[in-house]
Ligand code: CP
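There is one chain below, alone, in structure tokens, taken in the form predicted alone.
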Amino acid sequence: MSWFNLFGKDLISIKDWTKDELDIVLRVTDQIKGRYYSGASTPHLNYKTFLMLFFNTSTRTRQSFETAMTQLGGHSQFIEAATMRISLEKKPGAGETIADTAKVMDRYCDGIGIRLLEDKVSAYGEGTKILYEFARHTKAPVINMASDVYHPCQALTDLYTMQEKVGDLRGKKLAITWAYSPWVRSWGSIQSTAMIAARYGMEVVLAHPQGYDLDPDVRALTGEYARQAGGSFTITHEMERAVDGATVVYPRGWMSPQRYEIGKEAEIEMAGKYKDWIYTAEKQQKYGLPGYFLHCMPIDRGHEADDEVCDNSLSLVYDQAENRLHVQKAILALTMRGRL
């Protein structure tokens, strides 16, 4: 595998990259993070421009990508889709087509990031399909900054953070568990983290109440990755069973498969039946080995996890948030330049 071959490569899902390619991102992240802490500069993308198209707001994504481009010597441009005339529908009068928008953006930049989640489309999977459509019309790499199905940058960050803390992940148990929150959130982060953890040989356990199943294609692929890597992938409807003996626990609320049929208010009401699904310090002490706390943030404190779990020495969340910066620098440098 040549590192140069990553130049111009889209990152929409980690399933589109080989494990060797993912390994390269992790290795380069180590190099770039080391230079960051040594005070050395990393001007790998001088005079390069990364266009960031946001259909949805973010808490950390814009900050981490803008900082990443600055530290790489380049420039990021924040674009709100609401300020453009782009339309996600193909019909006269609706607005500029995705193809026209993508082809023009391609003339202006060296890379394109897109954030498009479930509340901006009418059915599950549409957001991710639109990212792939963008990619068909550009030579510049398209980076998924979170879609309704995948969040590859978060998945690589989660894996890198676990490796930093735990070392070799093969055979280590990762419990990804639904946790109560009135925030109705998408599947991209948890699905992508389950997939990449299985690819690296972890024992991945997914826990959720009845009625909160994830994408069947993603579940099948996660199981296949686990078989190939010598790990495992199991599903349970008991949080305690999932976290028992877990090296890492990732509690997060997510929407049901009926999200588009029943609406957001019904989702909130349904989630309210499971307020006991919270990762507490008591559960961490009783079941965790040691039960490191992983969360992509924002955390719904007091619902998904209690304050003690969020703030004790087993919490990885701030290291994890910082590592988004370093992982994304590696992704941008590799896909927008090709060699360091």
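Residue numbers run from 1 along the displayed sequence. The structure presented is a predicted model; accordingly, all values stated were derived computationally and were not measured.
We do not show the form predicted in complex with this ligand, though everything after this point is about it.
- Of the candidate stretches 43 to 51, 57 to 65, 23 to 31, 280 to 288, only 57 to 65 has residues whose heavy atoms lie within 4.5 Å of this ligand in the model of the complex.
- A residue is said to contact a partner when one of its heavy atoms sits within 4.5 Å of a partner heavy atom; Cys296 meets this definition for this ligand in the model of the complex.
- Using a 4.5 angstroms threshold between heavy atoms, Asn144 stays clear of this ligand in the model of the complex.
- Proximity of His326 to this ligand in the model of the complex: non-hydrogen atoms within 4.5 Å are absent; the residue sits far from the partner.
- Though the partner is left out of this view, Ser76 does not reach within 4.5 Å of this ligand in the model of the complex, counting heavy atoms only.
- Checking Gln154, Thr177, Ser181, Thr222 against this ligand in the model of the complex, a heavy atom within 4.5 Å turns up for just one residue: Gln154.
- Note on contacts: among Arg199, Lys173, His208, Arg115, the single residue with a heavy atom within 4.5 Å of this ligand in the model of the complex is Arg115.
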